[in-house]
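The chain below stands alone and is given as structure tokens, in the form predicted on its own.
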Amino acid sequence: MKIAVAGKGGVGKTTVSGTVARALARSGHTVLALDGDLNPMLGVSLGVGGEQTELIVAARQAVAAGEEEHAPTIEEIVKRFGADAPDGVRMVIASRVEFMDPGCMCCGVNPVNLVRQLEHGERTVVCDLEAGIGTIERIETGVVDVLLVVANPTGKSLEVARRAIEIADGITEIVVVANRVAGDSDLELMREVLGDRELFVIPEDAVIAAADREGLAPIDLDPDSPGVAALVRLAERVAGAPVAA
């Protein structure tokens, strides 16, 4: 199964990606987490930490500088340029080389191509897409199985979500994740913009906010907090089976 996570920058899509990936892994899924954002922070939400995430970025930059050999296949990219995260998740930063060579597999790859070419089989792929809608416009039918569109109850966030849904509708299954919801008025605002589409609600949660400030994975800080528990239920919704917290 391939899961992509999209939304405006700052809506919490990286937290959603990392927590869903960890929850799936805790339930026995073999999970590959791909960071496709321009500002690669998925490692923090996975529990790898900021320092280790920077080392992964540095490995790809070393290839561009000619200090390391190139990786000729997708699986070699996963093996050589990835890192192990808690609960057995494997993490890869999709493309962070300053000077891209489209003729080279590991330097020319972009997030959509990496997701497209990965053979998932028994493996579950969770990809934190670049903020905005640009990447979604390049996703064809069959590239991903589920698109999680993350939105906050704010005008700009909802407009990006509305456009993302419009682009992806009919291409893949869409689950709209209403993140940082404080009450009924927030949900009413979101429904005004997004219509009667089902919203999977993630409540405002001090634990998730604290994890963000401290550079920790929310699922490590408190797996029973309301927001984290809701994200575990989201993983169940996507997987179609109970998921361990």
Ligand SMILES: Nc1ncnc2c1ncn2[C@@H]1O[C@H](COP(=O)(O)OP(=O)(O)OP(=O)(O)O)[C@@H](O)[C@H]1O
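Residue positions are given as counts along the sequence shown, with the first one as 1. Just so it is clear, the structure is predicted and the values come from calculations on it, not from any experiment.
Beyond what is shown, the protein has a form predicted in complex with this ligand; the following relates to that form.
Stretch 196-204 is the contacting one of 47-55, 24-32, 183-191, 196-204, since its residues have non-hydrogen atoms within 4.5 Å of this ligand in the predicted bound form. This ligand is not shown here, and in the predicted bound form it never comes within 4.5 Å of any heavy atom of K2. Contact annotation: A131 falls within 4.5 Å of this ligand in the predicted bound form, judged by heavy atom distances.
The closest heavy atom approach of P223 to this ligand in the predicted bound form falls outside 4.5 Å. Remark: I219 does not count among the residues lining this ligand in the predicted bound form, judged by a heavy atom distance of 4.5 Å or less.
Of the residues in 4-21, those that come within 4.5 Å of this ligand in the predicted bound form through at least one heavy atom are, in sequence order, K8, G9, G10, V11, G12, K13, T14, T15.
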